[in-house]
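Below you'll find only one chain, the form predicted on its own, shown as structure tokens.
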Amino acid sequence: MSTRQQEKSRQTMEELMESAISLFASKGFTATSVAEITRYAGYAKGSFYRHWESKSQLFLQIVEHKMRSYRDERDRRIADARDLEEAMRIIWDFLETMVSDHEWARIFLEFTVHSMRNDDLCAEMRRSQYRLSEDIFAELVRPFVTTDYPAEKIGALNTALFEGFMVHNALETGVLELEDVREAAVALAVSKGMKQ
């Protein structure tokens, strides 16, 4: 493929992704069809299927791009953390950025629930590039844990707290604020993972 063709292909992909994000935000993942995505972007359906085999595969690529941009900033900052408390606050800054993108958080939650009905898609969603997994969390905090408490448990607890908050937030009950969950998560990690 020539450089010009590669550039056109990349541009088509980006325009289809932007179209999908816009439609997912306004209609939701499930209610948006491939035909609507391509029509909104001004392409034929064949253009879509040259890049992805399904709407779910497109969504996974969008998630991967978004997560990569969030993680680049987090990783740059965490390299300078002095202790577990500071590392946890940096991680929760990263999580807060995701939650503050309210439409994206709702779409991601809808897709996560959608993926639970498909074993292959569910397995794909467990891969680390698509979410804050317990393993990633454990690797981020491990250098700062100064007790025998397993970093994996800190990772699992924080992942559960965050994902639980995402569900709570999507329901718009207004009872919990992210700051409440963040402070509880930091306090729990520090009490278990730092020598007092």
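When you see a residue number, it is the position in the sequence shown, counting from 1. In this text, the rigid core denotes the largest set of C-alpha atoms whose superposition between the two forms falls within 1.5 Å. Computed from a predicted model, the values in this text were never measured in an experiment.
One more form of this protein exists, namely the form predicted together with the DNA; it is left out here, but the text below deals with it.
The DNA in the predicted complex is approached by residue 45, whose closest heavy atom lies within 4.5 angstroms of it.
Within 4.5 Å of any heavy atom of the DNA in the predicted complex lies no heavy atom of residue 22. In the predicted complex, none of the heavy atoms of residue 40 sits within 4.5 Å of a heavy atom of the DNA.
Residue contact with the DNA in the predicted complex: residue 195 places no heavy atom within 4.5 Å of it. Residue 51 is the only one of 168, 66, 153, 51 with a heavy atom lying within 4.5 Å of the DNA in the predicted complex. Shown alone, this chain has one stretch from 66-74, 29-37, 159-167, 137-145 that lies within 4.5 Å of the DNA in the predicted complex by heavy atoms: 29-37. Looking at 84-112, no residue comes within 4.5 Å of the DNA in the predicted complex, counting any heavy atom. Superposition of the core reveals a Cα shift of 2 Å or more for residue 13 between this form and the one not shown. Taking the rigid core as fixed, one finds a CA shift for residue 97 smaller than 2 Å between this form and the one not shown.
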